[in-house]
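Okay, so we've got the same protein chain twice, two forms, each given alone as structure tokens, structure 1 and structure 2.
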Structure 1
Amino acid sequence: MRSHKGISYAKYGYIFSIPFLVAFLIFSLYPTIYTAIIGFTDLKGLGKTDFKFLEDPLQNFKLIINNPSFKISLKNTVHIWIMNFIPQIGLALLLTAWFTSRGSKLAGQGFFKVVFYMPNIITAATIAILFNSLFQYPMSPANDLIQRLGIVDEPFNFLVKKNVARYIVAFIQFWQWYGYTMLILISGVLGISPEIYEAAECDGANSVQMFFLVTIPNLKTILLYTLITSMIGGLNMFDIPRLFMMGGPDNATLTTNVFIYNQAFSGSYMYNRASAASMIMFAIIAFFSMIVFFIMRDKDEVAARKSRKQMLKEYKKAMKEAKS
């Protein structure tokens, strides 16, 4: 074995990384730089690829920042994300508390997990159009239901009310993602050392106290991770708002990605302005993903090192005790 150390295998590290690196340079890095460049040019019009840099290089960025539709779309995106995330994390935490409760075990957990996660894997495009069909006016399953339950006498036109349309989009997001968040949190709870719970039990803590004083503090990292990844996903919302109401009614469900799509691929095909808007979103998302990067880097390396040290310590301690 020692003799093999003489041969350097390091070059295989480079060789095995080449395919990834090449694909990344061509299909990710180059398009990113290209998008950034287009943001400073006059590139617009269907089928156009040649461009000139603008005299005022920041013109597109200025136009986008001052564009009322972009402002609305940014506001909508954040608004819809918050309306979906707060109930989502709340319900996910409640279900996590129930499913990991040490006192009373609920039967059928496997079934509920499968059902609650299911909407997450169904094509978002399909779900958007399905919900559009469910809420049609005057006759649709939702209208049928509220009339039969006696909530209203007349059919209700859900899709022309700005707030209602936004709530439905937020609800779809919530409905698609709470199961996922729940599974992540449950696996986080299962990773907490049972000894901590046993100690809390000895101190006479009840299950509600244990949840708030043991579970939540120990889930901090995972909660932060969930928050930020959900935010990045929320800032990218496209399929649901685009196909549910095409950003309408009256721009009520226009998100930044729908705005970018409309700028670049309809009307006068303003690739330059769409690129400027993309780069603004890119900067925001890059900022948030840096936070995820630091959370995970620390957690990853530090946790591994810690647990190894801890194990070694305990092992030594046990050996000492056995000897004495």
Structure 2
Amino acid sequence: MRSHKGISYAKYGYIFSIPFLVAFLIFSLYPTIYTAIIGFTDLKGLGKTDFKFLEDPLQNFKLIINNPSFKISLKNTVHIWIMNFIPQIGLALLLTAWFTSRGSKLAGQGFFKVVFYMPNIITAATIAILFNSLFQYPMSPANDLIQRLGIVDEPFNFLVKKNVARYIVAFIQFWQWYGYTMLILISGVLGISPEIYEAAECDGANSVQMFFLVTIPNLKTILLYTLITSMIGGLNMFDIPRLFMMGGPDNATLTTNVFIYNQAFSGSYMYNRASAASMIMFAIIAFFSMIVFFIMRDKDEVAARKSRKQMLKEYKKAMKEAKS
């Protein structure tokens, strides 16, 4: 830490970090710990603060795991996330290649980036109202379009068809987040050394080869970040399924977060079961995050680390033998 005439400035760094630390302890750490604790209790009921620990500490967790609605919500959550993430990352990569192409410079890049990112800054309530109007029955722009194209003769009720409702929610999630993913990937590409591309050009690589053989391998860390954050966000999906479809029709768009909300704030206010469901989702997200980290780890770095450890071990062994 820098100092001037014997005065240390380290304390000012700690002082400036106090507001964040206090906010984190009050609004993040404490609620998380409290949520984990009440999952083992009988706490339920609006306004109730007293509770006791259950004789079977895992009772709430067992009830949630065996709950048919929770199983449906988990299946829906994974299904909707996969349906929106695959086209999301595909389109984001395509736009990244377009915006960062070294062969041709696109005019008005800033404008297009703003337009593509715009859906991400629109509030979920606004989007829910917008898409509800687009797919309303019997009169809506979507119904008018498919009738003019001759696809159907009569108005089609999009929002009562289970598969159609899932596809619409998945499309909304994709439409909201592809621009954000694109900007993250563009930032990663801009961080790659230009000398690597120059070397590839000297070797005769075209733009497609450079993208797949230079850009993608050097974006591995950014792609890992994108995958992890998208998975966490996807498994915590709440606002659109709740505001747009209310989990319907027939629980077709019921996600785990909507299920947790219903457990906590609907009916008998079962905070204990909502807490148990939250901790189960926390464990699921942590488990799959570790799997993704393991699959996408830098194998060369892992091999080099093992090699260094082996060399150090052999060196210590040789030194020990020399002393004896």
Partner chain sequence: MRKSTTFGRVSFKTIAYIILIFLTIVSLLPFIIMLVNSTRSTFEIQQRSLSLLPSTFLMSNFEVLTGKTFDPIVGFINSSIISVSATALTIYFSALTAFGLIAYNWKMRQAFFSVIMAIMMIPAQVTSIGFYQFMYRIGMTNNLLALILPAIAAPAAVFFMRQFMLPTLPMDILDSARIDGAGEFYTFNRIVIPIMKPAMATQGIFSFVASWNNLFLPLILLTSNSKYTMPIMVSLLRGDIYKTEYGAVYLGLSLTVLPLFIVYFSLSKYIIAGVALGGVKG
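Residue indices: 1-based, along structure 1. Rigid core: the largest C-alpha set superposing within 1.5 Å between the two forms. Predicted, not measured: the structure shown is a model, and the values here were computed from it.
Note: the form predicted in complex with the partner chain is the first of the two, structure 1.
Annotation: Cα of residue 69 displaced by less than 2 Å between structure 1 and structure 2, core superposition. Comparing the forms between structure 1 and structure 2 on their rigid core, the Cα displacement of residue 151 reaches 2 Å or more.
For residue 283, the Cα coordinates differ by 2 angstroms or more between structure 1 and structure 2 after the core has been superposed. Its Cα shifted by 9.5 Å between structure 1 and structure 2, residue 292 is reported here after superposition on the rigid core.
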